[in-house]
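First comes one chain, alone, set out as structure tokens in the form predicted on its own.
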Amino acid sequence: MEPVADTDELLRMLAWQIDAGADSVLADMPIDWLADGLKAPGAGFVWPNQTGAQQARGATETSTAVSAPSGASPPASRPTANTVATSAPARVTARAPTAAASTAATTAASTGATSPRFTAIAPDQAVLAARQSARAAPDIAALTRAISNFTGCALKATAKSTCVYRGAPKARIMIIGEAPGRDEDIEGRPFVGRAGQLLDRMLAAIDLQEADVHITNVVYWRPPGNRTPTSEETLACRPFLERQVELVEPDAILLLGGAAAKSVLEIDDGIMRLRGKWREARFGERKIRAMATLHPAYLLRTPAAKRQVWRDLLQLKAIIL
């Protein structure tokens, strides 16, 4: 490929990559995840923020979740900075997850042992592993460790950080959003970017501070390109969210945005029809009143909608009086 001398063209190429979701630097060199056709994304990769022991383990990790069909040629090795892949990776077919794989994922999550970033297992087995790990957590600190070690959600393979919560371990008000964004992935805490700063100002308007609430998301890892989490991804995280609600013991839940509202309330209505109405959300055996409102990120794009959210916040304030 010939070098591009046109600065404007370089800027257009960079803008295209950002639109495609490549807006965070995770390593010194680009990574071709498709080159290792027999491995799950992220398997065996040494992430910059790992400890020395984790790097040593990560360098030798292999994925057992997929296998090549009979007669298939082995995948091409990952190209280095001075080489270019000349052939596409071999086709692969998913192999049914074994009981040992599910048990290993559960054990790693519950004991805090270092584990791969993602283990490709069936969705129902991922939910089972998450439920077993979540139930074993006696407090929010243990739950945070269990979530950080969980390998059943594919989002973890491409995220830099696990974002569990910020605020108080126990609170009367719990706030649930959709997913971490770029700033949250960098810092490792939910709602710390521009939308999070606006959320803090919204809460301050009804005399609430960070120490008065518990803020989290329906998934704990940033989706690539800030896309909406899939149903499989939210279901994999749901057992942890249910246990999180049990440990926080909120009196009311505020749902930020349509994706969070649909996931928690299990309703397909749009956010404009859902917002401003108290509903009943079920978390395990608990039923808690929940209300959806517009996401702060939407308010940054549509400031005129703040008046609607203000009415919702006044209803929330009435709960804590």
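Each residue number is its position in the shown sequence, starting from 1. Remember, predicted model here, so these are calculated numbers, not experimental data.
This protein has a second form, the form predicted together with a small molecule, left out of what is shown; the following refers to that one.
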Exercise. So in the predicted bound form, are Pro169, Gln244 and Glu246 all sitting within 4.5 Å of the small molecule, heavy atoms only?
Worked result: no
Problem set entry | Proximity to the small molecule in the predicted bound form, single hit among Phe150, Trp221, Phe191, Phe240 (heavy atom within 4.5 Å) | Phe191
Seminar exercise, completed: Partner-free chain; cross-checking the small molecule in the predicted bound form, the single residue of Ala146, Ala129, Ala179, Ala159 with a heavy atom within 4.5 Å is Ala179
Problem set entry | Contact flag, Asn217 vs the small molecule in the predicted bound form, heavy atom cut 4.5 Å | yes
For this session: Consider His295 of the chain shown here, and say whether it contacts the small molecule in the predicted bound form, taking contact as heavy atoms within 4.5 Å.
Result: yes
For this session: Name the stretch: of 201-209, 150-158, 119-127, 182-190, exactly one has residues whose heavy atoms fall within 4.5 Å of the small molecule in the predicted bound form.
Result: 182-190
